[in-house]
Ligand code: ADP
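As a starting point, one isolated chain is supplied in structure tokens, in the form predicted alone.
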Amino acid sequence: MDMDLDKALAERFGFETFRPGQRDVAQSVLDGHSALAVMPTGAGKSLCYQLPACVLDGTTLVVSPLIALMKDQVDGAIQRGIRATCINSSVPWPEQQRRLRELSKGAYEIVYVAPERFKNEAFREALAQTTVALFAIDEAHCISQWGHDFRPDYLTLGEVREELGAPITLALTATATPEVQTDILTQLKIREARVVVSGFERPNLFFDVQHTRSDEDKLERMRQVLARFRGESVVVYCATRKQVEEVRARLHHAGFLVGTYHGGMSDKRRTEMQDAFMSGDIPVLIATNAFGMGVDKSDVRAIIHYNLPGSLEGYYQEAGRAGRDGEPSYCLLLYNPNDRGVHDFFIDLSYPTPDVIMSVWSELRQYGLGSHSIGAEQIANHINRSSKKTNVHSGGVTASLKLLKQAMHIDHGWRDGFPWVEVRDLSRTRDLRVDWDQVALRREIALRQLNDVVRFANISECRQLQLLKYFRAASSFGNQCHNCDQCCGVPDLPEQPVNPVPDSLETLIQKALSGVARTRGRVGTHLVCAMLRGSGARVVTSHQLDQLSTYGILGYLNPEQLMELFDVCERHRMIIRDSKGVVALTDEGVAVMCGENEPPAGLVERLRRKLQPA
């Protein structure tokens, strides 16, 4: 088997050596033993099941909560010569049927599914005709009530495993304390398993926690960090969508080119932002924790937490997205004690008190049995108008509806863009089947996780050592990592020098205007800049901008320099943008591009201050 592993690693994946922990996990699986792999983001967890899938006889079934990313995972596996597919709700039904037929024939080495797929009868029938050689569960901490991202859909996987005949099982997670590790194996009904914990030590990451008194303090430190890493990839995590937009506005005003990513944006817009960040066209991304899971970008130079994270597991997973290429990178947590209030509020909404749940149920009973066109906001408004004692938030109502649905008192959802609730019985409040103990336990766990982060922010010992202790991982450096603010003090962050521009400013302006001319009024400024930089982003190639003669001619400028160039050209009326953001040349711009007129003196002088021509 050792020979098979090395051969498959080289032939299928093109790697000469394993990363820490990978061989141990893969070998355990091939020896017929179930395993739990706890490896941080970027440590190569997917290889732990993809490699055995190349060697084992039968199908490797991979459970993942990330439907949106399954296609990328499948495409990556296919590029390595692995027969892989995914079956989920994003796949058209005729294609699902075809894939189910192929699954029943054993045509695939790897099949990716979401946990709710096991409720589908057609899928279970196809699976019953398949030999499942390996049952792999990604993001396995989602099955544990002690984990930072518990998901009820995962609770069925223990029964699913038994129905499959208890095949060799591999659970994988980036963050799991010993308590969570034990719970994962218990929920999956695995009696014996090899537990491999590796890769938690990140010697290339500098961990820094700065105590702040105001948003201005935070913004000043962020400006220093972004100036130090100007033109390089940085992610700023915020606790709420509102804060994402506020921080974006402040940083944009300070002259930084930034993008945003959060759950309130359309799928199309989020995809565009992620694509632009991955390709380097937008160097700074301001995001909620909706961004990052499954994202593989190796050259992120800094991660900034604008707010206190909700758990150390979440913090370490997000901070670990920096420096995955092994180069020195910086992780900054901006701590203000008042930030705790945001998470206390979230906890109150996510795990409502019995009074809130009973108030919601009392309101629903008044509607009677059957389906009603009403949603969380309306229910909250009705309760708040009718009761002086109870004040509920629509978020607390949403959580209450989920609990009442789990207890089978109601069903609820959205139809044609409008919410609805179906009342299935008229039980008295004292007879509700809600699992009150479970709600209280989840609330207790969330508060404990938050307290752990607060303690981490206030320690006076080595930051990385405390993180390793939290996950019960071994330290190779003793008691000091010599790469955090507690070991070394607050680092100086000198501003990144701007590289000299090889062209004259007049030539630079003409090249930029030529790029606008070549796009023929079809796209906006960001796409023109991406084309001039030679970006390989999908949105650039899909518009065939990589076929233009101006593609890559300003590749020596970073995105911020290009956007500054276009802003100056627009102020001097050499280019204009319509209501949709599409950019085009003015008559003056055409004249300057063709060399008939000189660029305005004010434009050249402004650029001279921003750029350094050779």
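Being a predicted model, the structure only gives us computed values, none of them experimental. We call the rigid core whatever largest set of C-alpha positions still superposes within 1.5 Å between the two forms. In this text, residue numbers run from 1 along the sequence as written.
Although not depicted, the form predicted together with this ligand is the subject of the following passage.
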Work out which of P52, P559, P40, G589 lies within 4.5 Å of this ligand in the predicted bound form, going by heavy atoms. P40
Going by a heavy atom distance of 4.5 Å, is S46 a contact of this ligand in the predicted bound form? yes
Looking in the predicted bound form, any heavy atom of T17 within 4.5 Å of this ligand? yes
Although this ligand is absent from this view, report whether R80 comes within 4.5 Å of it in the predicted bound form, heavy atoms only. yes
Within 503-531, the residues that have a heavy atom no more than 4.5 Å from this ligand in the predicted bound form: none
Rigid core aligned, does the Cα position of E363 differ by 2 Å or more between this form and the one not shown? no
Align on the rigid core first; then say whether the Cα of E139 has moved by at least 2 Å between this form and the one not shown. yes
Taking the rigid core as reference, does the Cα of T173 move 2 Å or more between this form and the one not shown? yes
What changes in the predicted bound form is the Cα distance between G21 and N479, by 3 Å or more; the two atoms are closer
